[in-house]
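A single chain comes next, written as structure tokens; it is the form predicted on its own.
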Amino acid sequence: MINLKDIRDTARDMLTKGEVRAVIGWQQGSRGMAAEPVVITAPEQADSLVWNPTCYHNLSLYLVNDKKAQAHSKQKPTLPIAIIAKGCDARSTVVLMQENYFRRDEVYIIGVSCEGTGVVDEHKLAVALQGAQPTAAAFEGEDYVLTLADGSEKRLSAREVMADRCLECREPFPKENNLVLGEDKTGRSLEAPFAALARFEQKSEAERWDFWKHQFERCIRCFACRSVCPMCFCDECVVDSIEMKVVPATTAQEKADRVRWIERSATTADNFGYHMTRAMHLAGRCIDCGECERVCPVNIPLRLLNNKMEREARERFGYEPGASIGASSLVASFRDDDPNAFIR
């Protein structure tokens, strides 16, 4: 089991020695028991770091934000930035390095192994607690120990309330790291990879179409899924045409004639276009951190879409996103033995 003191001491020591300019981790949030991302820059701030079942955020997003802030300020730091990374965080960091978003020496990865307990799913937890309000959560073996608002404790099997992505996770151990804490429990057998997708695909084609039509009718196009995804780092998105500068002299006709692949309006047709385009852009890049689904305010199961693309990459091309920094990205590689039966 990972000792929280080891995480704090590691961060404090690196900042004290001036080995990194900041550490990205989690701290106790202001919304109940849930942790929230934090960037600490001073040794004394290390005591605010936490590690518990609510550390579900993919912190590699903040590496992207840091890089954009550097570009905006036109400053190039001389020290790397450190990130406390679960297995999925580390894999998405590798994908970003594969795409040359930043170099390996610009990031110091403090790996934390999930050790078979993953992170909690808030919806499952609410059902399990039947209205009781938790104020704190901690790991204890393969259980979560929750402190409730009345001061009592409740122990739940991690498997009972764990996020589906953690149940299916094949890499709970961050293989790419500078330093790692916790045991390597890769190979655990909770649920088979893509189990949720397999259950969904038992539906008929007509049932699946009706399911997604209903889901996309509910989408409000808030773009929370895009905002939380580390792989959506483009300065200009296909749904945000910003190339044309609108000035007082710009005519209504010029505005109407600008290229727009997908409208921003939350119509079912445009929602289909947006989500399908985003899923395609994540092919071979999504590492199944599940953040898009977690933050969706209307609970659209977006993970199913991304899982479909991930499984296609794995089964057709033997490709695992985030497996190796030195490997080419899926869409940038070609092998003579690649299957091409789908080409018409």
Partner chain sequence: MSDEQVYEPKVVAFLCKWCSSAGSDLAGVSRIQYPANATPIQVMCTGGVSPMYVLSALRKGADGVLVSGCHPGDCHYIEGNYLARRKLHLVKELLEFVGIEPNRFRMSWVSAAEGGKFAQVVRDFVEDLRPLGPQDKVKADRS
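Throughout, rigid core stands for the largest set of C-alpha atoms superposing within 1.5 Å between the two forms. This structure is a prediction, so every number in the text was calculated from the model and none was measured. Residue numbers count along the first chain shown, from 1.
Keep in mind that the form predicted in complex with its partner chain is not shown, yet the notes after this line are about it.
- prompt: Of I300, V64, M309, V39, which one comes within 4.5 Å of its partner chain in the predicted bound form, counting heavy atoms only?
  reply: Of I300, V64, M309, V39, the residue with a heavy atom within 4.5 Å of its partner chain in the predicted bound form is M309.
query: Considering L304, V50, C296, A46, which brings a non-hydrogen atom within 4.5 Å of its partner chain in the predicted bound form?
result: So the residue touching its partner chain in the predicted bound form, by this definition, is L304.
message: So if I measure heavy atom distances to its partner chain in the predicted bound form, which of the stretches 106-114, 148-156, 194-202, 78-86 falls within 4.5 Å?
response: Among the listed stretches, the partner-contacting one is 194-202.
query: Looking at the partner-bound form in the predicted bound form, is A34 within 4.5 Å of its partner chain by any heavy atom?
result: Outside the cut-off, so no.
message: Would you classify A269 as touching its partner chain in the predicted bound form, given a 4.5 Å non-hydrogen atom cut-off?
response: So A269 counts as contacting its partner chain.
message: I'd like to know whether K17 contacts its partner chain in the predicted bound form, with contact meaning heavy atoms within 4.5 angstroms.
response: Output for K17 is no: heavy atoms all beyond 4.5 Å of its partner chain.
- prompt: Is E263 close to its partner chain in the predicted bound form, meaning a heavy atom pair under 4.5 Å apart or at it?
  reply: Yes, E263 sits close enough to its partner chain in the predicted bound form that at least one of its heavy atoms falls within 4.5 Å.
query: Are there residues in 320-334 with a heavy atom within 4.5 Å of its partner chain in the predicted bound form, and which are they, in order?
result: The stretch 320-334, when checked against its partner chain in the predicted bound form, contributes L330, V331, A332, S333, F334 at the 4.5 Å heavy-atom cut-off.
- prompt: Comparing between the shown form and the other one on the rigid core, is the C-alpha shift at K17 2 Å or larger?
  reply: Shift at K17: below 2 Å after core fit.
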